[in-house]
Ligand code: DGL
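Here you get one chain, nothing else, as structure tokens; it is the form predicted on its own.
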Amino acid sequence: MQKGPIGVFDSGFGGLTILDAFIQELPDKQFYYLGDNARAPYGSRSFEVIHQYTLEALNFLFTAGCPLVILACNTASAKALRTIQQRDIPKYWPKRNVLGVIRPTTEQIGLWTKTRRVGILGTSGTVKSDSYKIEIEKFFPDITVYQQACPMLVPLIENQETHSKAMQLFIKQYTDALFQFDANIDTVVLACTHYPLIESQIIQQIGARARVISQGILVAKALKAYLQRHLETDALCNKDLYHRYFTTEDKELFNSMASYFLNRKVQGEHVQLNSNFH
């Protein structure tokens, strides 16, 4: 296999916060980002549809030369990753690999909490899937997990209302509801890749009650550790500072939103995914 970039895939824009953490943690690696923005969000879709869309995205990134792809999408990680790792990778891409964002987040939680009470703030789809709860309890059966769905946060973020009064009200509503489950929660996980854009407001609202952990930092450190353990994969990853951004949406729309998420100018490229790929 030839060397190539590390692929990062998300259904929307939130995965850009994961990409940003990767670039900071692994500054010598090249990344290709693909957002299936034209078909986002994935949260309400069936397993079959999410699985098919994720396969199409992986086919694009692997064909573009990526030896490794990270699903920087909580929905795809929750619903499609295991099937893809166990069935599709051996079948279609036996020399490549795909990782998710849920396990790297959950396997480190035990290092952060002292009270063994952890809160999860996420989208309705992520909370309904129970993915974080299941994974945390698998690694740390002594930890009690409380989840709070925050359905209004992503729409407000995507409408660039991060500092609006409505945002403040909803953050207060959701965080207060979380601590009503248990006042002894000492660690809160932001289980949505959009939430780093409002992390400072969430920290301010929670105050001294708990430590707030952003997913991107945990996943970036986990990727770095993974590459240190798998030197054969690390050797296949390009050392190049030129990153590329791809979207299934209109590129001007993507450029505007991606630049907002990353706080720097982004030039995306429009792509069509192969919907006949099975």
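So that the term is clear: the rigid core is the largest set of C-alpha atoms that superpose within 1.5 Å between two forms. Sequential numbering from 1, following the sequence displayed. Given the structure is predicted, the values throughout are model-derived calculations rather than measurements.
Missing here is the form predicted in complex with the named molecule; even so, the following discussion is about that form.
This chain is displayed without the named molecule, yet in the model of the complex the stretch 188 to 196 from 188 to 196, 201 to 209, 163 to 171, 83 to 91 comes within 4.5 Å of it by heavy atoms. Though the named molecule is absent from this view, in the model of the complex it lies within 4.5 Å of a heavy atom of just one residue from T123, T144, T175, Q147, which is T123.
Proximity to the named molecule in the model of the complex, taken as a non-hydrogen atom within 4.5 angstroms, holds for one residue of I136, V98, V127, V154, which is V154. Taking the partner from elsewhere, Y32 is found to have every heavy atom lying beyond 4.5 Å of the named molecule in the model of the complex. The closest non-hydrogen atom of G43 lies within 4.5 Å of the named molecule in the model of the complex.
For the chain shown alone, T105 is not a contact residue for the named molecule in the model of the complex, no non-hydrogen atom being within 4.5 angstroms. In the model of the complex, S131 stays away from the named molecule, with no heavy atom inside 4.5 Å.
After superposition on the rigid core, displacement of the C-alpha of M152 between the shown form and the other one amounts to 2 Å or more. A movement of the C-alpha atom of G100 falling short of 2 angstroms is seen between the shown form and the other one when the two forms are aligned on their rigid core.
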